[in-house]
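You are given structure tokens for the same protein chain in two forms, set apart as structure 1 and structure 2.
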Structure 1
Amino acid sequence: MDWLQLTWDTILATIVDVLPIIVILFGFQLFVIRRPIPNLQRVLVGFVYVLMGLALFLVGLEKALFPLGKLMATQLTDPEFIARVSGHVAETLRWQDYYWVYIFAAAIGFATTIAEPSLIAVAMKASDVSGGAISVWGLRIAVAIGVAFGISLGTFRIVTGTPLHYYIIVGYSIVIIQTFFAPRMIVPLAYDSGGVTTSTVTVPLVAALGLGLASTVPGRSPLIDGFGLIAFASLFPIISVMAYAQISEWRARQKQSTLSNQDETN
């Protein structure tokens, strides 16, 4: 009964959340553009699919993914576990002793990003618009690598207690420099890639990891040190996507140069 009640409540909440979007789309189509909605039946069926899919997706997150992520974060950041695997006393733990936390942070960042629905949608649209020049999986993996590195670095920041703004300033300085050298086609997409990662799958798990880590590391405050991981998850995908484009462009130039040299030799 709890599952049925939760599912029903989630469906109602999803309808309330999606209703403004429906009103705006239909309102502009009928009263501003003043044209009938093409394929109205298919559009209505599509909206029903979206509502049911979102509701079931949220129920799955609430019942399975969130509790599992919170449990893993709590267990991995427990000082007793870290002291046992590192061989040190809990009161004398060093930042190197938290290596399982860094590995878990990178793994969960990569996995949640690959599963992020908003990123999948953006990657598919980017591939369509670019005529296949931007690979769907290439973009998703590039973003996932950026999130994995960013969250792992963010957990290192929590463990060491270094100020958050140092990392953010240096990170965005790198973004500014990359912007001048990256292919113009990829820059707007790279900036958008940082935003789509902070969505329904990634944010709750990353937030739980940060708060759990800040609560267990001696001398850390959950309020001051626990938050900030989402900033890393937004920043580093921008860097990784532009780096992916720059590396691809460099490899293409190298290949073209090699072919030119072969033609001259022949």
Structure 2
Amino acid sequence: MDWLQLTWDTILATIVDVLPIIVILFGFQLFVIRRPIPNLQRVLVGFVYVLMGLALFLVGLEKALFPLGKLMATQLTDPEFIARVSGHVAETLRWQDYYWVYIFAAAIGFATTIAEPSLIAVAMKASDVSGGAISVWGLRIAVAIGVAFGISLGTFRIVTGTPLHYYIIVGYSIVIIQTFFAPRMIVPLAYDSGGVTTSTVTVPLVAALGLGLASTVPGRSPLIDGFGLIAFASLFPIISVMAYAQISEWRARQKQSTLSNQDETN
């Protein structure tokens, strides 16, 4: 009964969320473009799939993963736990003692990004447009590594209490430098992958982690220091996606040069 109620409520909430999009799409289609939509029936069925799929996805997360994930975030950031695994007293904890938090942050950042539906969508499109040169999995793993590193660094920042904007400014500088050296084709996709990583799956778990840390580390305020993890999670994928393209290009060039070397020796 509980499940049914939750599923029904979520479907209704999803419909309310999607309503503005549907009104805009069909409004412009009817009054501005004034052309029939090709394969209208198929498109409508697709919309119903998207709605139902998103609702089921959210119900499942709400019931299965979020409660446990959030509980885990609070337990791992609990000073008692940290004191127990590090052997230090709660008052004298150093930043190194929080190592399980950093590992958890990286692992959960990686795992939630792999399951993020909007990233799957962008990766499918990118693979399609590039004629398969950018593989769906290559992009998803590159982005996931970026998120893992970003969130892990973000938790380190909360523990040490260093100002957010220093990290962001350094991150931006790396992005700008990379932009001029990365293959041109990857740059727009890399910029986009920053924004797509943080949605349905990642935000709730990461927010719980940030809040848990900021409220237990002495001297941090959850209201001020709890923010910033999402920003890290959207900055570092840009760097990792460009790096992925740079490494692929470099390896292709290496292979080519060894091939031509072989030709010369032959």
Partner chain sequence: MVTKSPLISIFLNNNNITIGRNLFSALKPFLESFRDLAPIVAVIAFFQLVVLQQPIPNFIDILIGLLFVVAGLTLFIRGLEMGLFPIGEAMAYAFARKGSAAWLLLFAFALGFGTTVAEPALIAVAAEAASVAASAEVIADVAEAKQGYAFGLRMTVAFSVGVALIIGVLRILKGWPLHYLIIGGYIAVVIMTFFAPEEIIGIAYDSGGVTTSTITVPLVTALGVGLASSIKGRNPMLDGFGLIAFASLSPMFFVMVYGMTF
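For clarity, a rigid core is taken as the largest C-alpha set superposing within 1.5 Å between two forms. If you're wondering where the values come from, they're calculated on a predicted model, not measured in any experiment. Numbers follow structure 1, counted from its first residue as 1.
Between the two isolated copies of the chain, the second is the form predicted together with its partner chain. Shown in the overlay between the two structures, fitted on the rigid core, is a CA shift at V23 of 2 Å or greater. When the core is overlaid, the C-alpha of R34 ends up 2.4 Å from its other position between the two structures.
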